[in-house]
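The chain that follows stands alone, in the form predicted alone, written as structure tokens.
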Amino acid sequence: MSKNIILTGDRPTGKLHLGHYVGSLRERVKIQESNNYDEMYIMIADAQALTDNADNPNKIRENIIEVALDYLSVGLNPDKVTIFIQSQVPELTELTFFYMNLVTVSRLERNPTVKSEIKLRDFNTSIPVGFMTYPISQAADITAFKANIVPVGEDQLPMIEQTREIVRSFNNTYKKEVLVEPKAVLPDNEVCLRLPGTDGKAKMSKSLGNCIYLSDKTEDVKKKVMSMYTDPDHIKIDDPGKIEGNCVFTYLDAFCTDEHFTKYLSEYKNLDELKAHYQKGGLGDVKIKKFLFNVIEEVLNPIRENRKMYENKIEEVYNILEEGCIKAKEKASTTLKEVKEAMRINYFEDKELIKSHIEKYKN
């Protein structure tokens, strides 16, 4: 009977934000609590982050603990999931090296995610080799744990497809079903596929400064919500307002429930009623922003409380990470052994090879 093994993770280039939360973190906790899986690995992808931060390793070093705190604060339980640091599992690097022979340069250049990320970072022709090959590294991360389920955002779908290609190529080339093809799992709520930034930009991004962080204080959240991009043509309260492209309503789609209206805006039964009123005219942006602030605060308050507790237990957090790395290394080592056996480069374990050479040169 096949196992359900999950792998997912984040780059430690800063604290995690609401985009991470609705795009993956919330789903991870939901899966964890469902117990509908056999193994779950959550990776802090520091080696991948270094592909475009090689000149600033301290940025990655300092954010390892921030990401770990965010993981624990949202409710990820180290008794149920394995949280580990990518660079501390060297087997992943070795697998990456072997997989490189199964992927062409032109195929990497066609990867839509790589192309968009290169453009975002303005690499032009000065693309670090490590960055260009990170889809291969990601394939190593996934296959090392025989993960068949990978919760991701929509922008990562091309990466999962490339992993599937590598799996098929490896199994076909070496005539052995060693690696497992993963399946991407997207958030149920379509709005959560890519939460926009508070400025209305297509993506919430640390580099664009348009994030609401999970660790933000109440006053910071309020300031960010009240300055959120809405409908630029909705100048007067009586003006009809547009929902499409309006950040406030996008965030409400991602976070609010009917119960929130009972608590904070009882003159409306649900979000559909609120939208209809805004579109008709007679509803100001300030009112809906205050409502959104209350909704987001309800999400963030327990996360803040958990974070405060773990901030007072930093040594324990490091112990969790170290134990996770040991478990992850053990799993990846088993896969690497199978890969080497399939590739016939397990020279010292292959007793038949040694025996045949002894016989060959006996005389």
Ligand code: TRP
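The first residue of the sequence shown is number 1, and the count goes up from there. Since we're looking at a predicted model, the values are computed, not measured.
Below, we turn to the form predicted in complex with the named molecule, even though it does not appear here.
- Gly19 falls outside the set of residues with a heavy atom inside 4.5 Å of the named molecule in the model of the complex.
- By the criterion of a heavy atom within 4.5 Å, Val74 is excluded from the residues contacting the named molecule in the model of the complex.
- A residue is said to contact a partner when one of its heavy atoms sits within 4.5 Å of a partner heavy atom; Gln156 meets this definition for the named molecule in the model of the complex.
- When contacts are judged by a 4.5 Å heavy atom cut-off, Gln138 counts as touching the named molecule in the model of the complex.
- Of the listed positions (Val150, Leu271, Leu102, Val248), a single one reaches within 4.5 angstroms of the named molecule by any non-hydrogen atom in the model of the complex, namely Val150.
- Contact with the named molecule, judged by heavy atoms within 4.5 Å in the model of the complex, is confined among 303-311, 329-337, 45-53, 61-69 to 45-53.
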